[in-house]
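Quick setup: one chain, the form predicted alone, written in structure tokens, and binding and motion questions come after.
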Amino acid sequence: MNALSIDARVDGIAAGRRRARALRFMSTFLILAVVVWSIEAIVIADTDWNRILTGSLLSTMQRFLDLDWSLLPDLWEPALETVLMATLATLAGLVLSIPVAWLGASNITPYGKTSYAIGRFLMTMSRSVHEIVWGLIFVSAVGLGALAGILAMAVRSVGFISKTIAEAIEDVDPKPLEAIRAAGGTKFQILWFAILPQIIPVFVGNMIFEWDINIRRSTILGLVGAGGLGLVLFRQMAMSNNGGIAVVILAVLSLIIFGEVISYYARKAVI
């Protein structure tokens, strides 16, 4: 290779690096420009700065700090209802997720691409619709109360649980499956003895995580009349009882911390 060709290759490499640096610079500049424009359009231009600067923000905070402790004895039953709603919704979501995961796992789906597409569509539909929307649908169907919240969270949980189970099934070691299949095992035996033992850690961990999430969801779903602490919060907001709102928020926070502690020790125990 002569000196001219070497120089040409060096010049080409240097030019490519200059173009890459210029492209990174332009990309960074464009992203920063979009961020700045978003802050100006959404935060600066759309904020009532007079309300903040005149001190009304501080006075509002003071009203929330005047806690209405008389509400506290009435929160035990809604808090228990919230935990029970989350638990039942997670169990119901698991039952609904098993056939969806079976359809949506490419290596065990029964009817090829058709059933795989159906399973993945059900996962996507469950995750795409917010739990409040599901709550409104089920409240209109079964009326106000905890049942509507349980059904909404169960349907919402299908997307996460079934997707993680299906992906865990797709990632299993194929050798045990092939061995049982070669020995004449049925599809159920393959599922029970080759797939299930490999996905149990992922399965249990995700179930605990989903239960933790459903505790949060149950407090939000109360805002659409689905029971629990969220319904108490909605009533306090309707009465403009700022002290009562603050107490309910503290109760929700305590419940979420309780869920975090339980899920932490449960994960350590089973994983």
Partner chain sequence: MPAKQLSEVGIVPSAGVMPTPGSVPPTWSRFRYPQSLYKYGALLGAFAFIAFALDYLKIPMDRLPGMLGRMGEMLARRYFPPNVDHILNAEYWHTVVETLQMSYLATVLGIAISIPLAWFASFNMTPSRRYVYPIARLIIMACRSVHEMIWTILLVAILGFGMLPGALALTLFCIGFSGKLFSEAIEAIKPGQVEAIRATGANNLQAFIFAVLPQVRVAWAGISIYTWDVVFRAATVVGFFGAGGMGQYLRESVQRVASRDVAAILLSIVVVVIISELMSAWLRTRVAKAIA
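Because the structure is predicted, anything quoted here is derived from the model rather than measured. Positions refer to the first chain, counted from 1. Each form is matched to the other, and the largest set of C-alpha atoms that superpose within 1.5 Å is called the rigid core.
The same protein also exists as the form predicted together with the partner chain; that form is not shown, yet it is the one meant from here on.
Proximity of Ile262 to the partner chain in the predicted complex: non-hydrogen atoms within 4.5 Å are absent; the residue sits far from the partner. Residue contact check for Ile208: none of its heavy atoms lie within 4.5 Å of the partner chain in the predicted complex. A residue is said to contact a partner when one of its heavy atoms sits within 4.5 Å of a partner heavy atom; Trp49 meets this definition for the partner chain in the predicted complex.
Residue contact with the partner chain in the predicted complex: Trp37 places a heavy atom within 4.5 Å of it. A single residue from the set Ile118, Leu72, Leu84, Ile98 has any heavy atom within 4.5 angstroms of the partner chain in the predicted complex; that residue is Leu84.
Out of the listed residues Leu65, Val43, Met26, Ala238, Val43 is the one that sits within 4.5 Å of the partner chain in the predicted complex by at least one heavy atom. Of the residues in 135-153, those that come within 4.5 Å of the partner chain in the predicted complex through at least one heavy atom are, in sequence order, Leu136, Ile137, Phe138, Ser140, Ala141, Val142, Ala146, Leu147, Ile150, Leu151.
Once the rigid core is used as the reference frame, the Cα position of Leu67 differs between this form and the one not shown by less than 2 Å. Superposition of the core reveals a Cα shift of 2 Å or more for Ile39 between this form and the one not shown.
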